[in-house]
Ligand SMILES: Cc1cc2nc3c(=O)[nH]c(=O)nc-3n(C[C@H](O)[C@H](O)[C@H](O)COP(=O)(O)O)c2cc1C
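Just one chain is shown here, as structure tokens, and it is the form predicted on its own.
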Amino acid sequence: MANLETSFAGLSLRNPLIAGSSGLTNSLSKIKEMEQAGVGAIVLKSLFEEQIESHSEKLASISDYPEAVDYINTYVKMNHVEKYLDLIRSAKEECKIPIVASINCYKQDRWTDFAKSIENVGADALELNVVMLNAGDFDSNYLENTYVSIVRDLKKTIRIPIVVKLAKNMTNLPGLVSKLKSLGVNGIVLFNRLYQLDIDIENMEIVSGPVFSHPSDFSDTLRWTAIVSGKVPDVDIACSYGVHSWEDVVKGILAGASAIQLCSMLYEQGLDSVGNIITCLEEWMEQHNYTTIDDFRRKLSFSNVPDPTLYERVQFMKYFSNYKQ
């Protein structure tokens, strides 16, 4: 019988499926449902510094007393953080699978403030949800240096595993991953889904775009998982962004992933999809005579395929030359 046990970022998982940070992981009842559905670990919904400060500003704006603003800001921050810490405590008490906290900050000192509190209440690991866009305001190395600086500070502060969820807008992804690994990062998630925008051409407004990923998005995730796992072979990678089927799970592991984060699929297909993935993954492994996940992990990574340039192909010439109308 196929054994789905694996490890990611130093955590032992009963299977490679991780419930990604989302509204589906923001309460104890939902977390327990995820565990019962069969996932191997859960990433809690991110604690957003921006959301905390926005709440503070709204409350402060209705106060007639300027001296109350500092009190309001402190109270709101402590209230948000304490609720998050309570969720971690409760999840650890009620669940047997690993519970990974997640934080999103934009001020350098906030990462260490939040991270230490999260470690103290028993989170099994911390995922850094770092999302920034360089729209020409910084030099070309700013984003990479920011990741490195945050991780360096956190490694001095906490001992639990650190996982970094990266966006696709990096100029040298394997190089950055290699730097993060050398600093002690325990796992990488590819990729973070940026806020999608659109333009309303009737009302002339910037509006929200599609909320969920599309199956076609997985192509980039697969490409970079294979390249990074081939060039930085000793780093644990979790595929995210575009996973919509059990076949995607198999593909991600073949490319080099140790785990697979699920999000849009859970929203669109429901928690029953977890059991379906597990069943299909077991059947596929048995059909191909694989006993463990490690038997086929990285089998088709950048460093293990006969022609690794296939992962580097970016032009459409081959497709169009064979296309017939």
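Quick caveat, the model's predicted, so the values are computed rather than measured. The first residue of the sequence shown is number 1, and the count goes up from there.
Absent from the display: the form predicted in complex with the named molecule. The rest refers to it.
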- Query: Does each of 231, 254 and 301 have at least one heavy atom within 4.5 Å of the named molecule in the predicted complex?
  - Reply: no
- Note on the structure: Per contact check vs the named molecule in the predicted complex (non-hydrogen atom within 4.5 angstroms), the hit among 239 to 247, 180 to 188, 91 to 99, 145 to 153 is 239 to 247
- residue 258: touches the named molecule in the predicted complex, heavy atom cutoff 4.5 angstroms: no
- is_contact(residue 262, the named molecule) in the predicted complex, heavy atom dist at most 4.5 Å: yes
- Does the named molecule come within 4.5 Å of any heavy atom of residue 212 in the predicted complex? yes
- Is residue 16 close enough to touch the named molecule in the predicted complex, meaning at least one heavy atom pair within 4.5 Å? no
- Message: Within 4.5 Å of the named molecule in the predicted complex, counting any non-hydrogen atom, which residues from 159 to 189 show up?
- Response: 165
